[in-house]
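First, one chain by itself in structure tokens, the form predicted on its own.
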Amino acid sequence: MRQCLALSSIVFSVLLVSPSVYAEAVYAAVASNFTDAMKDIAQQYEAESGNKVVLTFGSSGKFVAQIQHGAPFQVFLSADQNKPDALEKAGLVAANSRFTYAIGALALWSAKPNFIDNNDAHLKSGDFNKVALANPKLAPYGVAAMEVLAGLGLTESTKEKWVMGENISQTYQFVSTGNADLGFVALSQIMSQGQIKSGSSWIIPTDQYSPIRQDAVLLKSAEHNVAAQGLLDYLRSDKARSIIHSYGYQTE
């Protein structure tokens, strides 16, 4: 009788244990341009899976160096394709895990209302103190900005007014704080629910710069981690894509 009561007590205790006890943590390195979208996606994934997502945002280039030196990330969402490709060639990526999770868009933005009238006129006028852009040696959005300037014939005329951010987050900060009157930022940084949040902008036509294809990979150290794979699977779901589109990205 006592044995039966003891067994019943154990079963009852197991049933009372919260699913979160069994939740796994996923450690994800995420390109800074994807910050807001990924926070929303991670929140939904956590709610639906019971797993915990630990996000670190920053420069894709720095993440590559950290991963190569053993940083304990399990998932990497890059701002481009080159860096995941380099990790893949180095044998640090789980086989067949790489895919394009978003295609970025570039915008010229000012924190000042009515400063940019949804075209390139103010940029061409030169009537501004500084123009911010991400360092093209480090950031794909910087490469895109340089392509736009070259296409408009403004590279030399604006060069003395450039202020370069280490990544697209720092570039955005230059503009949002007024240190630069305008700057080339990721559309996702100034858009939410399909609307520009503040200031004024020119959403640059995508034919003026090379596609900003952003790839995600499962790192080899986590190739058997169900929660990490689950996060990448969720990133390709209709729910996640709806969030991604709301921040101005495209998906395949």
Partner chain sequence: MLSPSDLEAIWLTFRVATTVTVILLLIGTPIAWWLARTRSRLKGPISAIVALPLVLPPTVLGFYLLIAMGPNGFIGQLTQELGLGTLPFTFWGLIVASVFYSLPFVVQPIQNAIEAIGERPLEVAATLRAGSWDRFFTVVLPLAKPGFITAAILGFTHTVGEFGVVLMIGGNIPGQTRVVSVQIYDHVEALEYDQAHKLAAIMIIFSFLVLLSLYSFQRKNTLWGAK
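Positions refer to the first chain, counted from 1. Since the model is a prediction, treat every value here as computed from it, not as a measurement.
If you look for the form predicted in complex with the partner chain, you will not find it shown, but the lines that follow are about it.
Quick one: find which of 175-183, 150-158, 116-124, 93-101 has residues within 4.5 Å of the partner chain in the model of the complex by heavy atom distance. The contacting stretch here is 175-183.
Among the candidates Ala28, Ile204, Val64, Leu218, the residue which, in the model of the complex, approaches the partner chain to within 4.5 Å (heavy atoms): Contact check passes for Val64.
Is Ala71 close enough to the partner chain in the model of the complex to count, meaning some heavy atom within 4.5 Å? Although the partner chain is absent here, Ala71 would stay clear of it in the model of the complex, with no heavy atoms inside 4.5 Å.
Tell me, yes or no, whether Glu88 is in contact with the partner chain in the model of the complex, where a contact means a heavy atom of each within 4.5 Å. No.
Would Ser59 sit within 4.5 Å of the partner chain in the model of the complex, counting heavy atoms only? The answer is yes: Ser59 has a heavy atom within 4.5 Å of the partner chain.
Report whether the minimum heavy atom distance between Met146 and the partner chain in the model of the complex is within 4.5 Å. Answer no; every heavy atom of Met146 is more than 4.5 Å from the partner chain in the model of the complex.
Whether Leu187, Ser192 and Ile243 jointly form a contact site for the partner chain in the model of the complex is the question; each needs a heavy atom within 4.5 Å. Verified in the model of the complex; spot residues all out of contact, no.
Just to make sure I understand: among 111-140, which residues lie within 4.5 Å of the partner chain in the model of the complex, judging by heavy atoms? Heavy-atom contacts within 4.5 Å come from Lys130, Asn135, Lys137, Leu138.
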